[in-house]
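Two forms of a single protein chain come next, each set out by itself as structure tokens; they are called structure 1 and structure 2.
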Structure 1
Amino acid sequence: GRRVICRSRPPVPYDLLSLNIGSTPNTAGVPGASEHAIPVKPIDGFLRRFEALQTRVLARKGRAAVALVGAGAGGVELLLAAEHRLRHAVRHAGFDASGLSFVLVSDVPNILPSFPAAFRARFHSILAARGIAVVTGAPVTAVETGRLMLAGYGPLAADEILWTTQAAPARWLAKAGLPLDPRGFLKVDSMLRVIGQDDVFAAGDTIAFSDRELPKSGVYAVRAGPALADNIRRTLTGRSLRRFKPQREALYLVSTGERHAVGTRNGVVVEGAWVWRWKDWIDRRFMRKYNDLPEMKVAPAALPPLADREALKEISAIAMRCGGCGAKVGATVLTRALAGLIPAARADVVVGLDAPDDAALVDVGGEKLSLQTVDYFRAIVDDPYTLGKIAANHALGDVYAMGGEPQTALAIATVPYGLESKVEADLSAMITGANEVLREARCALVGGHSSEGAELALGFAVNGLVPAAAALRKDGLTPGDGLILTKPLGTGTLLAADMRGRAKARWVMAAIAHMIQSNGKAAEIFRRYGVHAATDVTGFGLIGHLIEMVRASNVDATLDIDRVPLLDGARETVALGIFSSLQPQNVRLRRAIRDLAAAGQHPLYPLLFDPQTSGGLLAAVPLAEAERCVAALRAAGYAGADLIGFVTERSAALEPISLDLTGQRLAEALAGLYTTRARPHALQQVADITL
């Protein structure tokens, strides 16, 4: 045992397990509730669901009946907030808010059943004053489109239904073989250990104590957190555990949706604007603990006995070096290191070290050329399975960028020193994740090499096939092409912020979702729209890879900076001055940008140099086809895809790239108005730029 069985990934082994999975509103026991009601939990998706509800209400011009099922503190507070928000939105849209109606539905005889009578009475008055109807003692027997079926009451019309009924445990707990109370919640002891399981802990709404029933309230869950963390540390270090003692009476402060709140503790009820300010202060103080994290302290790197000032400056940054493609050697250093290298001359090498393309092309004697590429980097996520998926997608990107189909892959894996069982688990998860991606791409994993090392790392040598006439080169940019980027930028800054504890979880999860998205479908779509050239945007950033293309094609390019898609959170982390450790080397490429003084003032300018891991494709298609191509990409799941620029003939300017800071030039190009005539004698070619 000691494995967590997952629905969509391999089992996760553990030595110590903590189950803190919360609860959900109980929709399973009411026919139609799961299909027609909007549950409040899981809370991370509720805001999106509520915004959709508001959009539907506005589409009906404010004529809507809203019902909320569940009359506990959370339900009452939510309905009052929803009433306040929706009436304001309807009035702001210019509609009559009197077309809105609200009703609170409960299966018990009174609202707020566990609270003092004075507290309940105050909220009855508030609900009545706000025009919110209350139906009690009427269990919901079914939910249908546009109505609730209530026992002893009949049907109740409801265009929108919010669901905050009594908490229910996760259904999978019943299959886990763990001790549960009669309602299905995990039974734990006073040390927050699951009964009879020394290696399994739990806290929050998912637990039940045998000697005392606690309300499913965040008040108790929050207070259990420090005790849980302490007991996990004590278990790992062999110390005795401490008891968790929940408070006897909790303080409840319930907002009315306006700057007003009612509070109670120990039977005392208070009310007013000052109570709301008190609640707001408590809530914001709590959230600051998660948002305003202290800067991570980095241990100074060990210094060699002989080190000059420049060396010391470089070494000081090593401890926070990024992984992924942020761990690449910079383009300038790489160019200089390979400048004097003379590979063996072979007639069958069509594209080799002398070209800037994403993969080598080798003539193996058939109708198709062989594509050969390799990628390898240190881990950027803690989960080996996810690392495997990211690394495989990243390696396949070179093949797709050159118009090929993947054929075979060899893995190069490094796993940290450790117990055999841990090494085996990490290696297995990593390769399993990678193989899922490779199988989907019809790329056979045919072998590889593994070694022990200080950090988890993974890469692949990938072979592909491409018809000679269909191979895409970076020298294919043509004046009149539009430049399309398929994925948003920002993985470099977001992952660097995550290392420092400054990135929100939803930002990092969204970035990971983009990194595990294949570029395969995008490559197919580009072929349908007459692609002339492509590359995958990775470690050298958007500017670095675009420079390779304009140099090889002897053209100029204009980027509309405000149309460059960005990952959520990237603006915020760049504004905080958080960059990948590869960023300074990428910024050296700024000499290729025209009117640099003006361009550098744009707040999004640094993101043009942000190193990407498993980034999108940057492709050139005829401008006349660009908008249709973008629409096809978005329909295929590349939601961030956009037309970000266009290609013109080579000008006399030294710098081949210009930034359109207003969007006007791209608009004119789409209208067929923008042209750039090359002067008879260019003063300088792009190849002469000193990088």
Structure 2
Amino acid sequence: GRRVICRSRPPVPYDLLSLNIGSTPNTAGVPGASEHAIPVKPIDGFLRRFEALQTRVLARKGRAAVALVGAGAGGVELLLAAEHRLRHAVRHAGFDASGLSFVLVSDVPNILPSFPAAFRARFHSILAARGIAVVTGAPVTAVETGRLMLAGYGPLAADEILWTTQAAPARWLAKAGLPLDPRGFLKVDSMLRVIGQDDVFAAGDTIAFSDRELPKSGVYAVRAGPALADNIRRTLTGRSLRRFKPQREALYLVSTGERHAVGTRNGVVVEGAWVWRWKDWIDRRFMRKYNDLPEMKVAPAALPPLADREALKEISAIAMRCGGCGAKVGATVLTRALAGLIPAARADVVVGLDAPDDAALVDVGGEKLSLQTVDYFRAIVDDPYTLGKIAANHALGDVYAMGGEPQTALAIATVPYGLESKVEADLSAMITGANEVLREARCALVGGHSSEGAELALGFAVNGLVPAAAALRKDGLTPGDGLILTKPLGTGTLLAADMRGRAKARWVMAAIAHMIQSNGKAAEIFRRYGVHAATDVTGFGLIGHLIEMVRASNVDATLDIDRVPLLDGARETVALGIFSSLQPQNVRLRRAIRDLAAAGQHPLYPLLFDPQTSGGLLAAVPLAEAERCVAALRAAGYAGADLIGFVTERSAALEPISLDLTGQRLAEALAGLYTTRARPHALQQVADITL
């Protein structure tokens, strides 16, 4: 069916597939191994598993027997590294490291069986010198709590068991109907094409050539990469494929865990600190290729010969326009565009454009008011399913910010011009993602409209319900309130950095996870803690949305800039000077900040203007409740939620927002030192701030 079936999302259709899923140490045939042993792969979770192991060893005051099963190069290297790290950690914690013992276990008679004898001999000496026992020719038949059962050897005590046995193929391959060798690896031809499948390629640990067995080693996987990419391009462009010719011999450098390494190639063995430095240099250079991506070059647009330099600058910047909420029209532009507009007057419009809020409130004759809101933006992620989730979540945010419950949604989608089957697949994935979020919010998708356009985009008109007395407005800020933000800031700068290839994958993945997190539970929690006002922080950034609140409430607010939660990587991308294309418009709102000369010097100051897509709620609860409210939010999964400031009486100062650069004022407010002093209201001055 040309579909990849995934565990946690709808199937992904493909025209051409490349399977590079590596291998995992085989625990399948050994009873108890998957419960009691720590496999080295999947590698992305190994560090966490090893850190948990170290914590357990320290809890035992360093008295622990550590066994590693599998004595190939990976196993030997890992055990030497573990020994070095654990002894150091145990000593550092003040315990006696002689309580630690290590043993390397292999089912075959030799450690490092595929390596030259001289190389093996060096490692026997190194292991002996480090006090690591070696048990060979003893296959593990079972793993039980605290011990390994070895054939022909009996039980071996082991408090911690690491598992690095031969590479085994993924078991699901057998169900995919693809040709496999007797061990279960994918059979490929010399063009890296799965035998008998014109549309499936594979490379790395997961493959088996029919004429030659390659070691399951990164050296070969890495070399196959360019050949694989070339053959995929050739297939798509109808050209003949090229053969991949793996090298006969490879260089192996195995670290001993003490900035020392042993290497071999063509039977020659070398050793020393310099070998380790060589290995380290190779490894870092390799990793840099994937971390320090070259800056994305934007093809200069053919610009009209305009005399107006400013206009020309703005037009050329459009090439790098952000999607998501970074694609919103700036607050100032919007205010000016809507100024003077006179909508039809209706008595049943409770909140409309005259006092704009997160959503309009309309009296439709029932016990509750109808909440109405619409959001729509260009794609910020390539995956339409994820975009669907983000867009739906973002649209629901306005209803939650108003204290309402979502009721119905209408979708509006733009899909790029393309083959019918692709358009259908994208649309289906996008709506599936959105509907999952809407269903969870008990919001019925009742209709929509779709069209073709230049770029993928999605939006929703959402209706909600709220009892009139429970509606949360932006104008409810009360002196003595604490200001709580539920999600970290930074999606604008991170997504802009991602467009330029400057954001790390884990930063972007974490930002996406936050954009997918619903504000629904947070809204419920705020209600329990006596919330006075709320808004969702989106395109105008934290300052833009806070200004809307303080203006409407005629109060001042103080923000403790160091408590503002930030997404991982946002500091770094801002330090690189990477901002959303909406940032300059948002920064115009700086006139609302007091003592700008000092505040503007703070390195995180630009993030206060960063436009958010599917951002968190900014809500005001009485300061006395604020810390308990934050604890409840964190317990409910809003890990970054924090108390970031407080509300005071409107002062005589022109600017309603001040930044607390030392954290002292918020601490004083929390300690009850803040007193509500009546100050002259300065309505005229509030109106004077040009937004």
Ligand SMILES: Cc1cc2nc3c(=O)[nH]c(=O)nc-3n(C[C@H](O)[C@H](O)[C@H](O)COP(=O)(O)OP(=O)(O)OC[C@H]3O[C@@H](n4cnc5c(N)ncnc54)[C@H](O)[C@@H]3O)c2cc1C
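Here the rigid core means the biggest group of C-alpha atoms that line up within 1.5 Å when the two forms are laid on top of each other. Residue numbering: sequential along structure 1, first residue numbered 1. Model, not experiment: these values are computed from the prediction.
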Tell me which of the two structures is the form predicted together with the ligand, please. 2
Would you tell me if residue 363 moves between structures 1 and 2 by 2 Å or more at its C-alpha, with the rigid core held superposed? no
After superposing the rigid core, is the C-alpha displacement of residue 511 2 Å or more between structures 1 and 2? no
At a 2 Å cut-off on C-alpha positions, does residue 130 qualify as shifted between structures 1 and 2 after fitting the rigid core? yes
Just grab the Cα shift of residue 95 between structures 1 and 2 for me, core aligned, in angstrom. 4.5
Relative to the superposed core, what is the Cα shift for residue 107 between structures 1 and 2, in Å? 3.1
